[in-house]
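Here's a solo chain for you in structure tokens, the form predicted alone.
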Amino acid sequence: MVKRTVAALVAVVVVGFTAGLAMPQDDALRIAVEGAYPPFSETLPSGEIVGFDVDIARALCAELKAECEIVDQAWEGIIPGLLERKYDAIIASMSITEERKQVVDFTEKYYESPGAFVGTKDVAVEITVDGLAGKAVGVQGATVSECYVESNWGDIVDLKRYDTQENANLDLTLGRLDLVFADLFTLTDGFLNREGGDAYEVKGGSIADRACMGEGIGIAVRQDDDVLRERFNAAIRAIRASGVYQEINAKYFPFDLYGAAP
């Protein structure tokens, strides 16, 4: 979801190496999650991070027989943190896009999801040029959601960028936005199905836009980490074959999150 330039990210890598950051041991992995993207990851009042991404990360670590630490990382710095070697992989609902492939490598997908607009039920909105003209639309900044709205409707809507999806949703409830746009499953389970969410609805159905939303959701690793990427690929296939993936899926969603087989 990050829209930083390649040059800026390469500069971060150089800083990381010059700081003398060491590679972790092969049998100990640090996995970054966002901690603010329910139901995929959220931070409880106790400080514990839970969610689909977290459970998948732990299942993959178990399959790899690796000791893993879950690292809470704000979205804006999540790719730079990987390049600085602060952790070894990102399991944070990150879409596999061509832009990101310039600076990180991805595993095969571990799920896929369309996007959607959400607004109040008592205000009819059509997802058309006329229907969206002048509407205040909230997105999480540096995400595929920002890419989609900016690319397709940027000269029509009043685009508002937020540090987290939760803050965008909050401003929708406070009347500061007409719509939010995000991952459909995040909006459904992290907003519409929660307290007060029954006053809101999806506007215009689900939206798939490969140009911005990419090829599904994958695990990001550094471009020189081919061995780890392939270990994760094998582990993804293994937890799907064993039924562990399906058990985690059913804990959060009443439908198959993975989508069609690649």
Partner chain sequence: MLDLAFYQKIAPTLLDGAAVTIGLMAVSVPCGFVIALPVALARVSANRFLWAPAYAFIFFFRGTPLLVQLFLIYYGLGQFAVIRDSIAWPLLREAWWCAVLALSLNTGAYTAEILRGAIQAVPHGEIEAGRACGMSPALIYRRLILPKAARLALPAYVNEIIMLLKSSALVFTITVIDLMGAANLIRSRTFRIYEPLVAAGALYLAMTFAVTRVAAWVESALAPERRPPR
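Positions refer to the first chain, counted from 1. Between two forms, the rigid core is the largest collection of C-alphas that superpose within 1.5 Å. Predicted, not measured: the structure shown is a model, and the values here were computed from it.
Below, we turn to the form predicted in complex with the partner chain, even though it does not appear here.
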Taking the partner as it appears in the model of the complex, which of 101-109, 123-131, 163-171, 84-92 has residues with heavy atoms within 4.5 Å of the partner chain?
-> 163-171
Would residue 175 count as touching the partner chain in the model of the complex under a 4.5 Å heavy atom rule?
-> yes
Does residue 142 reach the partner chain in the model of the complex, with heavy atoms at most 4.5 Å apart?
-> yes
Is there a heavy atom of residue 189 lying 4.5 Å or less from a heavy atom of the partner chain in the model of the complex?
-> no
Would you check, heavy atoms only and a 4.5 Å threshold, whether residue 146 touches the partner chain in the model of the complex?
-> yes
So with the core overlaid, does the Cα of residue 89 end up 2 Å or more away between this form and the one not shown?
-> no
After superposition on the rigid core, does the Cα atom of residue 200 shift by at least 2 Å between this form and the one not shown?
-> yes
